[in-house]
Structures are given as C-alpha cells and as structure tokens.
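What follows is a single chain, given as structure tokens, in the form predicted on its own.
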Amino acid sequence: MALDFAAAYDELNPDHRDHRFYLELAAELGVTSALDLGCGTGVLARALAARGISVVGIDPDPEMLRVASRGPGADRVDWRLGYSDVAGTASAGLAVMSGHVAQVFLDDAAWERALHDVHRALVPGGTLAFESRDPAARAWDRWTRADTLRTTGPFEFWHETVDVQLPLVTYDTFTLDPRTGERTSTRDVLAFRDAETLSRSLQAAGFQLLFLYGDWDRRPPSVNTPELIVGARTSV
C-alpha cells in the first residue's frame, strides 16, 4: 500500500507557527474576508473560517482539496480547484500563501501572474502575506535523510537535495515502506528569491511593502533567520 501523501501531510508537517502568525495578522487587520492561495489540506482556511471570516481556499491538487473538504468546519469554506486566476475580483481583505507556496512559482512570469491575480482579488487597501525561505540560510544544505527523516504509520519520509542553481533548487522526496522495502521518489523544484527580488516584484505588481520578518517571532531578517515573511498592501 502506497503512502497517501495528502492524508498524511499534516502529520508530516506538524509545525503550524505560520498558521498562528497569519491568524494573528487577520485579527490585527480586522478582515472579514480572506483568500488562502495554495490552501493544501485546508487547516489554515478552516481556522480562519472558524473565526467568522468568509474564506475561499484555492489549490491545484484535487487530492489536497479532498482532504481539506472533509476536515472539521470545511462547510464554512468555499473550496476551489485551480490557480490564482480563479479568485474573485475585489473579494478578499487578506490573501495568504502559507507553506512556502510562493516558492512553487519557478519563473518570474508565473510569479508575476500570481501577484497580479492576488492584487486583483484584494479589495482596495487589502493585504497579501506569505513566506519564502531566505536563500542566505541555505536550507537545502540540510535536506538530507539524516536531517529530514520523518515517519507516518509504517512509512519513512525524507528529502535529499539534488541540484542548486539559484534561484532554483531541485530536490527529491523519498518514501520507504520498511515492511516491504518498497521505495518511491518524486522530484520537485523550488525558487529561492531574496528579499530585494521579492520587494521588487511586489512593487511591480502594485503592492506597497508593509513588513519583512526573518522568523515567526517577527524578528528582522539576518544571517541567523530562516524565513522571509512578507506583508504588502494594495493602494486604497
């Protein structure tokens, strides 16, 4: 039996500091509507909806949406299969991309399209918030079996870096069933954009930078912080 990755995703990724940050941000902004782009298994979207916020959750993976739509409180969320272009115009006060979704846009054109779509989806003065791994922290150096090994049920799960040609990093994800010795792997690529590149792209899409943090405790970026946590606002 193969690993059901969508069903196991939350167990494999139990650190929800990003979700807590975005929930606090939504409360600080006092938003009544939100867009969760790349919502995955829907944990954040359902948590936002539980606070009385009208939420649209968008993801291109039907298996992720299968899990999302069966979670507690799923009936409070408008789940949509697709990409940023299926977001409604002027439909959200806050747009979030959690789980490093910003890094799946590999080329500049795809990233720019997503930013323009989100800008269109936000109300005047609306806020976009997302995180991207800071390339200065070189996270890929720690993508080894020894450093990333996790288990879910009988399965072992880990990552291994294959190639680094910044801003692109190629890596393999492995699963192993120790009972049978069956091993599977998938290859993925992520884009590691630095702070200057992210700021430039946001400005080109019509956003004004609100904040830039280096970790979920809101400290500024430095050589010792792993993230670039970005907030930007549309003009009023």
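All residue numbers refer to positions in the sequence shown, first residue = 1. These numbers come from a predicted model, not from an experiment.
Missing here is the form predicted together with a small molecule; even so, the following discussion is about that form.
- The closest non-hydrogen atom of residue 93 lies beyond 4.5 Å of the small molecule in the model of the complex.
- Residue contact check for residue 64: one or more of its heavy atoms lie within 4.5 Å of the small molecule in the model of the complex.
- The small molecule in the model of the complex is approached by residue 39, whose closest heavy atom lies within 4.5 angstroms of it.
- The small molecule in the model of the complex is not approached by residue 162, whose heavy atoms all lie more than 4.5 angstroms from it.
- The stretch that touches the small molecule in the model of the complex, counting heavy atoms within 4.5 Å, is 55 to 63, out of 27 to 35, 192 to 200, 206 to 214, 55 to 63.
- With respect to the small molecule in the model of the complex, the three residues 9, 99 and 105 uniformly fall within 4.5 angstroms at the level of their nearest heavy atom.
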